[in-house]
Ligand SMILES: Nc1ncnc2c1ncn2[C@@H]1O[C@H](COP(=O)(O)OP(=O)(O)OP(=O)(O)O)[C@@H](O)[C@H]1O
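The chain below stands alone, shown as structure tokens; this is the form predicted alone.
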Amino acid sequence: MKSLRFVFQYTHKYTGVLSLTILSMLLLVGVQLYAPWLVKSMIEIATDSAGGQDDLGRITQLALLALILYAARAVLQFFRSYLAHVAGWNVVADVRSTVYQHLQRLSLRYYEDKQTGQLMSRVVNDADLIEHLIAHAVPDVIANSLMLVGVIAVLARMNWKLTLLSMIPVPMIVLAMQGFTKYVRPAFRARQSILGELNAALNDNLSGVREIKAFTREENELSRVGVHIAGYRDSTLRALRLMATFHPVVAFATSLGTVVLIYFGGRFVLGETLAIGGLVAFFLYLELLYQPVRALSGVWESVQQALAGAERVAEVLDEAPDIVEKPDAVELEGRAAGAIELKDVGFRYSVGDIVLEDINLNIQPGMVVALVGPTGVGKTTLANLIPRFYDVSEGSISLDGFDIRNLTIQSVRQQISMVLQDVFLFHGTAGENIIFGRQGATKEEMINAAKIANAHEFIIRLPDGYDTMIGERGVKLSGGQKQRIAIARAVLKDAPILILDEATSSVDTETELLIQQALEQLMVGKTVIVIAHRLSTIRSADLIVVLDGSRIVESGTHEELMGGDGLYKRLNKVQQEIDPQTLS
């Protein structure tokens, strides 16, 4: 019922369409219930009449009425089917939008142990099953239940004793449905979970196809994906095997009703308590009785699949966001000055897992602050706390004197641009990726940003210039070209705070020079936080903060730190020994 409530909360907007669907079903049931009565009437005319013109006229009228009924049935079937699909796909679209919106609200912490393919499977495959529930399963349950009630009422009116005898197999059918529900839905849920694993494996392999080819891992990855493919096949066959066992049980139970009718119905006719026409009509109505019973057993499969999918979708929506905006959060209006203060900041990903502690830092507007230290000391984590990708575990972070937890999330992040080591570019054109952070920018502004980022020259040499499709994650570009497009994106956004995380690593010297020149122009008039392993790139920083063991161990200018005998000086010495040119 929880899964059904989850689905039905999205149907309120479509009550008009669903009401018309139900009306179509009611009329359709009425038409189907009347059809056997026409046959009964025809048999009674044929057996009781002398074959006069009046009787021929009555048969002609019955035939015309049957034609009208069957034509009406065809029209009603169309409306019942199409309107249900209209409601179903609209609900699926709403569910997908809600889930995607919720995924956007979840913090980066949620995604740390989640596979993209699994999440895609829940948004696409599992949500897809909800359409079957609304367009097929629920309407079929309603229609067949109405048919059952209607047929039983008609049969009881014809011969209540024979009706009760015909109900003997029903308890067996109910018990079978209850028994199989216990096993079928978990089986379909397991199947959907394995489908998510298959999607995740395919997503990883298609995204990393270069690495697979470079390390000649094609056969290994084929085997790995093959395991997921076989697992999905086996889980599907297991679920279908359960359903395949269920259907014959229901079919056998319904056939017992025919056996009962042959025996007792024949006795009633012989005893002259039931006319032949009535017996024929009873047979026809009995088929109408067990037809929905058999249909409901088939619908049960769709219901179990859909509910399994709905459960997996609902699980995503049950995830509570770590980063929650206060109801009375203040909008930071205009352009921030860029003053950032960290007071007694501590952070941990989980209980006991201390990443940062006792971090105190006062960054004045326009300052360039560099974060340095060994790998894994929390430099990137500290930078991620400022745009509130994570919330501090202890202490506070303020922007222009406001605790960022008291500001709206959007207004905080609008004040910050980021250029990261691992540049992410979307599948689209070079121009579309540049204006990603400022959709209303003109073409001239976009080109000017590219020029500042030293990206214009290589972009205009692309086949279609700024309209060149650069492929998924910018696969058609070099690392340095992707980096410069990311810088152009930050230039165009023109936020007062800039975070640079290893923005010049993993590129050749010439490209690094171009990137460094672009960054110097980008940094003018902004508060800048730089994370760098190449210490030569941050010698001119206003403040260098050295982290080690989750704490700030020293801070100062390059000259001040080199005058001491701390970690910064030792790191410089190590880098100079590795590459004397880096610090020259």
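Numbering starts at 1 and runs along the sequence shown. Since this is a predicted model, take the numbers as computed values, not measurements.
Although not depicted, the form predicted in complex with the ligand is the subject of the following passage.
Trainee: Just one of Asp328, Glu315, Glu333, Glu112 has a heavy atom within 4.5 Å of the ligand in the model of the complex. Which one?
Mentor: Exactly one residue meets the criterion: Glu112.
Trainee: Could you work out which of His533, Arg539, Arg58, Arg551 is the residue within 4.5 angstroms of the ligand in the model of the complex, going by heavy atoms?
Mentor: When the ligand is considered in the model of the complex, the option within 4.5 Å is His533.
Trainee: Looking at the partner-bound form in the model of the complex, is Tyr349 within 4.5 Å of the ligand by any heavy atom?
Mentor: Residue-level check for Tyr349: yes, a contact with the ligand.
Trainee: With heavy atoms only and a cut-off of 4.5 Å, decide whether Gly117 touches the ligand in the model of the complex.
Mentor: It does not: once the ligand is placed as it appears in the model of the complex, Gly117 has no heavy atom within 4.5 Å of it.
Trainee: Phe252 near the ligand in the model of the complex, any heavy atom under 4.5 Å?
Mentor: It does not: once the ligand is placed as it appears in the model of the complex, Phe252 has no heavy atom within 4.5 Å of it.
Trainee: Does the 4.5 Å heavy atom contact test between Asn433 and the ligand in the model of the complex come out positive?
Mentor: No, no contact at 4.5 Å.
Trainee: Counting any heavy atom within 4.5 Å as contact, can you tell me which stretch out of 90-98, 376-384, 338-346, 77-85 lines the ligand in the model of the complex?
Mentor: Comparing against the ligand in the model of the complex, the contact stretch is 376-384.
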